[in-house]
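Only one chain is included here, represented as structure tokens and corresponding to the form predicted alone.
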Amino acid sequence: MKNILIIDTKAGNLFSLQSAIERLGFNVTILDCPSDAANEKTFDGIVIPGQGRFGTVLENISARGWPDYLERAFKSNIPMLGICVGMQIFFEGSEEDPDAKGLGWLKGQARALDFPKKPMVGWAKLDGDYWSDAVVYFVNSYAVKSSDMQIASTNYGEVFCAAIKIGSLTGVQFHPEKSGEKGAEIIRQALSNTLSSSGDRPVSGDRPVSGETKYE
């Protein structure tokens, strides 16, 4: 049974994320300090949740010493999943908080895109080689427009990066813990480092929608 670490960024309720991971049969530990985590190889996977402002999340994890821990885990190929702002911090920065520097593992910045309504709240279809046509749940005002490591995109006013993948690192702009069975499978694939392209084992959408996109 896999042991999964959720980092408490002090920016949101982690109950739905914890429940979604536990339903996959994984053990979950929530920590707010890396000194309680022994070392980066103690866990089989790490999740950075997706609630809060870019700058606040970075300030909170930096104050507790998480960046060095996360970088060692990244270099050790520990499966890691960043959700929404938890993905954005892998990049260099965000227009939401211009003075806050991201972890800088990936080039680019999160930007306030030309969304018809802000925040973007609702279900949208993914496009790309991974999870093509899956319909997942978004809550965001900022997003990375494109990335060299992009594996999926979506369109809400303009096309933007919905997911990235590099080695054992996965980032998703949407909330898989709120995206039903397909979201659960995406979490399982990310934390098991078994992501498959649409030519192999795609995750199909499980929420009926009229047209390509539905928003609340």
Partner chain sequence: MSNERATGSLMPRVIVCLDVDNGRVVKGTNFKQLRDMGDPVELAMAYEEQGADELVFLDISASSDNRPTALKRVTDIAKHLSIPFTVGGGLKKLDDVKAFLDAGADKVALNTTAVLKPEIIDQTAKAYGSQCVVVAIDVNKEGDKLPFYIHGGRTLVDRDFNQWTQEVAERGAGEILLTAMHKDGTGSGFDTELTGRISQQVPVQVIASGGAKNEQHFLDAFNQGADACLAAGMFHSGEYSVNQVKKYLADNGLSVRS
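Positions refer to the first chain, counted from 1. Predicted, not measured: the structure shown is a model, and the values here were computed from it.
One more form of this protein should be noted, the form predicted in complex with the partner chain, which is absent from this view; the next part is about it.
For the spot marked by Ser16, Glu22 and Asp127, is every residue within 4.5 Å of the partner chain in the model of the complex through some heavy atom? Every residue of the spot touches the partner chain in the model of the complex.
Go through Ile78, Ile83, Leu103, Met120 and name the one with a heavy atom inside 4.5 Å of the partner chain in the model of the complex. Result of the distance check: Met120.
Is Gly180 near the partner chain? Define near as a heavy atom within 4.5 Å, in the model of the complex. Yes, Gly180 lies within 4.5 Å of the partner chain in the model of the complex.
Considering non-hydrogen atoms and a 4.5 Å limit, does the partner chain approach Val135 in the model of the complex? Because a heavy atom of Val135 falls inside 4.5 Å of the partner chain in the model of the complex, the answer is yes.
At the 4.5 Å heavy atom threshold, is Leu113 in contact with the partner chain in the model of the complex? No, Leu113 sits far enough from the partner chain in the model of the complex that none of its heavy atoms falls within 4.5 Å.
Though only this chain appears here, would Tyr156 touch the partner chain in the model of the complex if you measure heavy atom gaps against 4.5 Å? Within the cut-off, so yes.
Location of the partner chain contact in the model of the complex, chosen stretch of 41 to 49, 148 to 156, 166 to 174, 27 to 35 [non-hydrogen atom, 4.5 Å]: Stretch 148 to 156 is the one.
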